[in-house]
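There is one chain below, alone, in structure tokens, taken in the form predicted on its own.
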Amino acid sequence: MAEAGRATLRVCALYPDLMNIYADRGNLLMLERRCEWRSIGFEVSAAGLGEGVEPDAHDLFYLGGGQDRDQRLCALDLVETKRDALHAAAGRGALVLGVCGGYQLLGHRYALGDEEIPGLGLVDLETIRSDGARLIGNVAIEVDLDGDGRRRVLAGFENHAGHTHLGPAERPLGRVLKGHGNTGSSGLEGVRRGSVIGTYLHGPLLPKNAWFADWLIAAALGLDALDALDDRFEDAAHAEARRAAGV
């Protein structure tokens, strides 16, 4: 296990100029600040259109949400220039976190009527755009990230027209307490396969859930625990997000 004071969290932000419409920069800043306050190094690099990635050079790969046009561009580029590397990275245990549009691109495809956007195939899921009302609003889910029965709440905001259907062997990230989740009717939200995590929660996700930011840092660095911080403001933000969702 690495020692927190000597570790450096290496983050690769995928398409931060295009996939960033849901305050995704706030998630990266949250990781940076919580590392800084613990004297953990933090390095972030960007990988844009046409740029390859090194599967062994990063501990966490982050893909946010974007407009349909930008999502199409990034989806094609992911398949052409980054898919093999991201499969290799996930295979060695690097974290891959996809939020909203990024979550949809973790699966096999995103169908928009007669058009189909290819995905990375890191998890067995597909997203189909609905002609009905968007799934939008405050949301809270219950998760058990360590498989030890200790359940915690993630709270955020969702806004998606796509309905995401998990394959029979896939596990959701969590169970919906309030809100719509993957389809509006399944009671499931997100996906979790090993070190690959996808979720529709944004707004942004991590400043509303500091404990999850810490879980990501520890998991990415192979640490058993992190030094405690004074989280009065962060706890208040989490409580407000839960209140907004009705939990």
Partner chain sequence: MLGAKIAVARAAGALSRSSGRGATSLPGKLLMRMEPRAIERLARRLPQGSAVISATNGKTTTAAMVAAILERSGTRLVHNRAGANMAGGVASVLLAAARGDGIDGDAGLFEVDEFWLDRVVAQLRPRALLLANLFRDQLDRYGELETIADRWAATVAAAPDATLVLNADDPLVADLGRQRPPRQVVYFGLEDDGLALSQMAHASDSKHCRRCGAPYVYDAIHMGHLGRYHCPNGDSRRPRPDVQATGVELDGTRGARFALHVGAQHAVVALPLPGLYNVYNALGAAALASALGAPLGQIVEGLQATQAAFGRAETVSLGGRELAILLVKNPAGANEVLRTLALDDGDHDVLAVLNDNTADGRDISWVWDVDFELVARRVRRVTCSGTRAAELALRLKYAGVAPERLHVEPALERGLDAALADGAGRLVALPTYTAMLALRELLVARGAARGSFR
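Just so we're clear, the structure is a prediction, and the values are computed from it rather than from any experiment. Residue numbers count along the first chain shown, from 1.
Form predicted in complex with the partner chain: not shown, discussed below.
K.L.:
Using a 4.5 Å heavy atom cut-off, state whether D224 contacts the partner chain in the model of the complex.
P.N.:
No, D224 stays farther than 4.5 Å from the partner chain in the model of the complex.
K.L.:
So, in the model of the complex, is S186 in contact with the partner chain at a 4.5 angstroms heavy atom limit?
P.N.:
Taking the distances in the model of the complex, the answer for S186 is no, it never comes within 4.5 Å of the partner chain.
K.L.:
Might G66 be said to contact the partner chain in the model of the complex, defining contact as any heavy atom within 4.5 Å?
P.N.:
Yes, contact at 4.5 Å.
K.L.:
Should W215 be counted as a contact of the partner chain in the model of the complex, where contact means heavy atoms within 4.5 Å?
P.N.:
No.
K.L.:
Contact check in the model of the complex: E80, H87 and R193 versus the partner chain, with a cutoff of 4.5 Å between any heavy atoms. Do all three pass?
P.N.:
None of them does, since no heavy atom lies within 4.5 Å of the partner.
K.L.:
Any idea which of 95 to 103, 156 to 164, 170 to 178, 139 to 147 reaches within 4.5 Å of the partner chain in the model of the complex, heavy atoms considered?
P.N.:
Contact-bearing stretch, as computed: 156 to 164.
K.L.:
Give, in sequence order, every residue of 208 to 247 that has a heavy atom within 4.5 Å of the partner chain in the model of the complex, or say none if there are no such residues.
P.N.:
Contacting residues: K208, D230, F233, E234, A236, A237, E240, A241, A244.
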